[in-house]
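The form predicted on its own is given below as one chain in structure tokens.
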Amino acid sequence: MAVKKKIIYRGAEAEILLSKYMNYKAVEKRRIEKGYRIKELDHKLRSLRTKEEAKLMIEARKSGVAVPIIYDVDLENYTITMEYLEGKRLKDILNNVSEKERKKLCKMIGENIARLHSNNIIHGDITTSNMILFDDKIHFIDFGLGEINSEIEAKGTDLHVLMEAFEATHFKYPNCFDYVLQGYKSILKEEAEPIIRKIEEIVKRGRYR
């Protein structure tokens, strides 16, 4: 009997469906067809991006960052089937915890980003919407805009996206990003300095546009 799947989120690039895999509650991420693209090109791009995202998730896990377990990758249907995390998005909880807990969580975020960056993994969309607190670990989700890139610019941009997300969503707690950088520096040590300087440069660029 076919499992009834419920769409729980639909974005510009993909839809997320609640599903089952064997006896496990699962999530399917399926890349959406783009009608404006030539069909063959659309198939090639969706298949490639599905494959690349799965590879990034595997590399992230190897680097010590928690991500959902991948159960299946279907390149013909542009779908990654993965573990459903019974946790809460950091976006929904970060404003409602104590300052001590907020500092701890933000430092954990920074440590995890540092582990990604030390392995040249760029997430591409680091926001608290793409982090789930589950089993006392912060799990990173949605690597759809990610890549392997060793450049300081890419790492600075990754962090700048998070800085802007904090300013938009957690503006009442301006120390959040400072705590993230504390965690980041605790892992990368002196290697963090040029990346943090790059964030400042990106901010200045934005001011003078």
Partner chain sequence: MICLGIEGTAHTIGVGIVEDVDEKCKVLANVIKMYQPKEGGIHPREAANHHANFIANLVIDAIKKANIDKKEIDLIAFSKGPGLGPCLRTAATAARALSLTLDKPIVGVNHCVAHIEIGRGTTGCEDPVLLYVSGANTQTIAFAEGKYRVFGETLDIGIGNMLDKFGRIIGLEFPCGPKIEKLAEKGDKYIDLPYSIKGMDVAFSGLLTAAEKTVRDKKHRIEDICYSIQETAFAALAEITERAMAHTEKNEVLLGGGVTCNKRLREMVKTMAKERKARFYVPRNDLCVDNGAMIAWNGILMYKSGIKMNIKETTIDQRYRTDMVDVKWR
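Positions refer to the first chain, counted from 1. Take the two forms, find the largest set of C-alpha atoms that superpose within 1.5 Å, and that set is the rigid core. For clarity, every value in this text was computed on a predicted model and none was experimentally measured.
A second form of this protein, the form predicted together with its partner chain, is not displayed here; the remarks below concern that form.
*Asks:* Partner absent here, but in the predicted bound form, which of 66-74, 39-47, 177-185, 53-61 has residues with a heavy atom within 4.5 Å of its partner chain?
*Replies:* This holds for exactly one stretch, 39-47.
*Asks:* Can R205 be called a contact residue for its partner chain in the predicted bound form at 4.5 Å between heavy atoms?
*Replies:* Because a heavy atom of R205 falls inside 4.5 Å of its partner chain in the predicted bound form, the answer is yes.
*Asks:* Under a 4.5 Å heavy atom criterion, is K137 part of the interface with its partner chain in the predicted bound form?
*Replies:* Looking in the predicted bound form, residue contacts with its partner chain do not include K137, since no heavy atom lies within 4.5 Å.
*Asks:* Test of understanding: in the predicted bound form, would G11 fall inside 4.5 Å of its partner chain by heavy atoms?
*Replies:* So G11 counts as contacting its partner chain.
*Asks:* Is S129 part of the interface with its partner chain in the predicted bound form - any heavy atom within 4.5 Å?
*Replies:* Contact with its partner chain, yes.
*Asks:* Any chance all of K91, D125 and A168 sit within 4.5 Å of its partner chain in the predicted bound form, going by non-hydrogen atoms?
*Replies:* Yes, the whole candidate spot contacts its partner chain.
*Asks:* Just give me the residues of 21-36, first to last, that have a heavy atom within 4.5 Å of its partner chain in the predicted bound form.
*Replies:* The stretch 21-36, when checked against its partner chain in the predicted bound form, contributes E33, K34, G35, Y36 at the 4.5 Å heavy-atom cut-off.
*Asks:* Align on the rigid core first; then say whether the Cα of R10 has moved by at least 2 Å between the shown form and the other one.
*Replies:* Yes, the C-alpha position differs by at least 2 Å between the shown form and the other one.
*Asks:* After a core superposition, would you say F171 shifts its C-alpha by at least 2 Å between the shown form and the other one?
*Replies:* No, the C-alpha position differs by under 2 Å between the shown form and the other one.
*Asks:* Determine, after fitting the two forms on their core, whether R61 shows a C-alpha shift of 2 Å or more between the shown form and the other one.
*Replies:* No, the C-alpha position differs by under 2 Å between the shown form and the other one.
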